[in-house]
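Take a look at this single chain, the form predicted alone, given in structure tokens.
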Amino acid sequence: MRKKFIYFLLNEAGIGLILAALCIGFSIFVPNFASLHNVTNIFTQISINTVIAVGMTFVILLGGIDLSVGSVLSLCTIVAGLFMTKEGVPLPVAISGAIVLSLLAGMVCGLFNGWVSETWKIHAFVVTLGMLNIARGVALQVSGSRTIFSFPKAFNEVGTLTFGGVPLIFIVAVTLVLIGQFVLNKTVFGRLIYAIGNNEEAVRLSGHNTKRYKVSAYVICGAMVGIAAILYMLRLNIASPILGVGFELSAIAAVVIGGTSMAGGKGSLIGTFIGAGIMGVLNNGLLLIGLSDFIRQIVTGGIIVVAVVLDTYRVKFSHMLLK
């Protein structure tokens, strides 16, 4: 019983305890951290990273990675922004069309990443690094290197909506986490994602087309980036070809801190959500303390390294307990 409890702490509850400890610590030592206004800010700040991290989790569960999410987000905002501000388009069509185009742009980029990687057996690191430059270049070319704003008033007002003090974009992020968790745990597709991450050859020999599932994971990642792009536009009311720099780092950090193994086959979206929360709380707390952007970037990078190192020890210790 004791071993099972320790195993639960290491694999399920550990990161939740870390998040709770950070919240308690900052609440005690940092003025205004626990205020309703600041908590609402944290919810808003982690929403976009959470949505991107949902898609990243599917990819990393397969042992892959997507370095292009930041650039693809900027491309999605440009595509959506250009359509929404096009003259003569009725308001409902402009908003709905922008959302659809953002989703399609993200999914096409994800399809490219997955298809090229799997067809020619090129590591996703290389392919998505190429897409990082392609998407950024297309965004700059299509937009003429300009920022797009002056979105319809109705669209801007949606971005400020709250329900019981909880921002709408945070509710969207949590909903996507829950849907993704259901897919991973309760569907054949989700179980095969885990299985492929653990032993792709065994899944292939059992008669499943592993390429289809791996490409689908990148398409899902692209779709999440498309949604995140709309949320970003709702929050800041701009579309720009230079948005999203470093977003891939934050998404990967959330996934890894949340307990998903970089080797694939192990992890959960609830863990990813908590990981994004840890990143958001830490960033917010350090900002309130007065640390500069540069220091916070150093801390973020350090956390990723520490999380990966600790993950190796956590996995080894967990296996020892199960013996």
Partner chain sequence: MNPVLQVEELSKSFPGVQALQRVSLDLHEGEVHVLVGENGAGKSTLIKLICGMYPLEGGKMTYKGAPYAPLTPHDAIKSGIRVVYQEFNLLPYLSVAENIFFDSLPRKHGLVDFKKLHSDAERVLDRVGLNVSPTMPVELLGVAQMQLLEIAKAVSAECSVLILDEPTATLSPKDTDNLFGIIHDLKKQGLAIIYISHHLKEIYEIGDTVTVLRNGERVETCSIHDVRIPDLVAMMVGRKMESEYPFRDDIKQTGKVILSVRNLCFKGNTNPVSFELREGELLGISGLVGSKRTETLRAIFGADPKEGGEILLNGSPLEIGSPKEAVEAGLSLLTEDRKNQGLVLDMSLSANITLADLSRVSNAGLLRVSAEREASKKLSSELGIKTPSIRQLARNLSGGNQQKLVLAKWLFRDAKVLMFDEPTRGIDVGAKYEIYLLLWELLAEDKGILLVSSDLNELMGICHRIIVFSNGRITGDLKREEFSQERILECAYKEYIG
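Note that the coordinates shown come from a computational prediction; the quantities given were computed from them, not determined experimentally. Numbering follows the first chain given and starts at 1.
The protein also exists as the form predicted together with the partner chain; that form is not presented, and the subsequent description refers to it.
Stretch 195 to 203 is the answer when you ask which of 195 to 203, 248 to 256, 131 to 139, 118 to 126 has residues with heavy atoms within 4.5 Å of the partner chain in the model of the complex.
Although the partner is absent here, residue 182 sits close enough that one of its heavy atoms falls within 4.5 Å of the partner chain in the model of the complex.
Using a 4.5 angstroms threshold between heavy atoms, residue 165 stays clear of the partner chain in the model of the complex. The shortest heavy atom separation between residue 175 and the partner chain in the model of the complex exceeds 4.5 Å.
Taking the partner from the other structure, the partner chain in the model of the complex has a heavy atom within 4.5 Å of a heavy atom of residue 186.
Proximity to the partner chain in the model of the complex, defined as a heavy atom within 4.5 Å, singles out one entry of 191, 211, 86, 235, which is 191.
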